[in-house]
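As a starting point, one isolated chain is supplied in structure tokens, in the form predicted alone.
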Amino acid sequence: MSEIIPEVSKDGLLDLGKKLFDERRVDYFLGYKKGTVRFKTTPLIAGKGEDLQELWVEDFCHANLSLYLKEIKGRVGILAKGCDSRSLVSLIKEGQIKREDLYIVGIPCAGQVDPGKAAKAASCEPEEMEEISRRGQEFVIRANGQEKILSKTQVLLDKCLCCQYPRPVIFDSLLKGDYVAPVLPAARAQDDLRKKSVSEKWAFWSGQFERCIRCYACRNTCPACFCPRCIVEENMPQWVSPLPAGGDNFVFHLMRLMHVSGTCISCGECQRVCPMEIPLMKLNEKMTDDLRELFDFVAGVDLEKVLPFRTYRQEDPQDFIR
């Protein structure tokens, strides 16, 4: 039975973390700590209770911590926002991690702030922002000694504006708090690109992928990318060049999209870390909607449901395969 922690406080979380170490229920604890740059956090990998003093559960907890479970072996305690918990479900289903090795602490998330987006909306440079604070349903941005009031859609990460699972779908302990999506479904913006013609979509993505420098930040930060060796690094035979080139860039991104189909939960990390600001979430969300429509499948919400490409049903689309 899941334990409800009385308050969403650092002290309460610290007590739980220390208890897990004292009872030898975990070997490590994954969380967040303040970064060296303003409005940023960095992953905290605690190996003992004393390391948890730096634990941080306020704003700017952007990273999907499930990524690090591919490298950390043993029993792990981990903080999980609603979206992150779906990655845990996907990784368990893919056999990458074991449920019994995890102690999952669900944390409430009112949407994560995108500092770059906030700076643009406030007509300033990110370095000029002195403070970002919540005020009810709005945000107050202080820059150059002046305040500006912004809406959630102007400040939050794009992925947070379409959040459908604010409450973790899997957990062992759940911090008390408001598990409510930042934006109501009726207020969510639709992707206008989907309404355009095929030629317009081709032109859009061709332009986007031409800018890709193939730094592989999207791949390296993706919890669903867990191949021991990526196909772009194979050279016998070489299926696609690892260097940035228009055609090969297109192949890489679409190939990666198809490869993570059914495992990707649209956590948005690929788009967040992209130095060229390529809107990869447009692809992820389209894939998510197609899987829901064609296979009645949503990634990361059900430990028991078989992955869509590992099963066959008579009612599946594509008559030619029957």
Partner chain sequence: MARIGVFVCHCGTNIAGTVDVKYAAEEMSKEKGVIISRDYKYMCSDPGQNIIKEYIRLYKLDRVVVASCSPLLHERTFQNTVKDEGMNPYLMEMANIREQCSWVHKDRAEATLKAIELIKMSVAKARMNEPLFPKGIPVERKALVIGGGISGMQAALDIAMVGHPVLLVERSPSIGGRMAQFDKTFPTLDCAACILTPKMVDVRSNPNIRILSYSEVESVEGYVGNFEVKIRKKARSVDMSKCTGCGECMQKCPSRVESEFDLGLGKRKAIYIPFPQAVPNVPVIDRAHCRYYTQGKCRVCQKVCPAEAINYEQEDEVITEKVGAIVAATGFDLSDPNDYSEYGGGRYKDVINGLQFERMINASGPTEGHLKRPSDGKEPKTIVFIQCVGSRDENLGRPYCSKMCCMYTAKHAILTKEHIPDAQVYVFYIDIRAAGKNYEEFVRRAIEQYGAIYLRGRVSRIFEKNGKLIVRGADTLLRSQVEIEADMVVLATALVARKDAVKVAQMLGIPYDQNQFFTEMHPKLAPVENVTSGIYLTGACQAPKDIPDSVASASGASVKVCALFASEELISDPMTAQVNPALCSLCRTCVDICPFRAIIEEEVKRPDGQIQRQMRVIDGVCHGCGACVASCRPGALSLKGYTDQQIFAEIESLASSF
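Residue numbers count along the first chain shown, from 1. None of these values were measured; they are calculated from a predicted model.
What follows is about the form predicted together with the partner chain, which we do not show.
In the predicted bound form, at least one heavy atom of Ile231 sits within 4.5 Å of a heavy atom of the partner chain. Heavy atoms of Gln238 reach within 4.5 Å of the partner chain in the predicted bound form, making it an interface residue.
The partner chain is not drawn, but in the predicted bound form it has no heavy atom within 4.5 Å of Gly74. When the partner chain is considered in the predicted bound form, Arg25 lies well away from it, no heavy atom lying within 4.5 Å.
This chain lacks the partner; the member of Gln164, Gln154, Gln96, Asn220 within 4.5 angstroms of the partner chain in the predicted bound form by a non-hydrogen atom is Gln96. Screening Lys48, Arg38, Lys70, His259 for any heavy atom within 4.5 Å of the partner chain in the predicted bound form leaves a single hit, His259.
Segments offered: 220-228, 106-114, 80-88, 127-135. Contacting the partner chain in the predicted bound form at heavy atom distances within 4.5 Å is 220-228.
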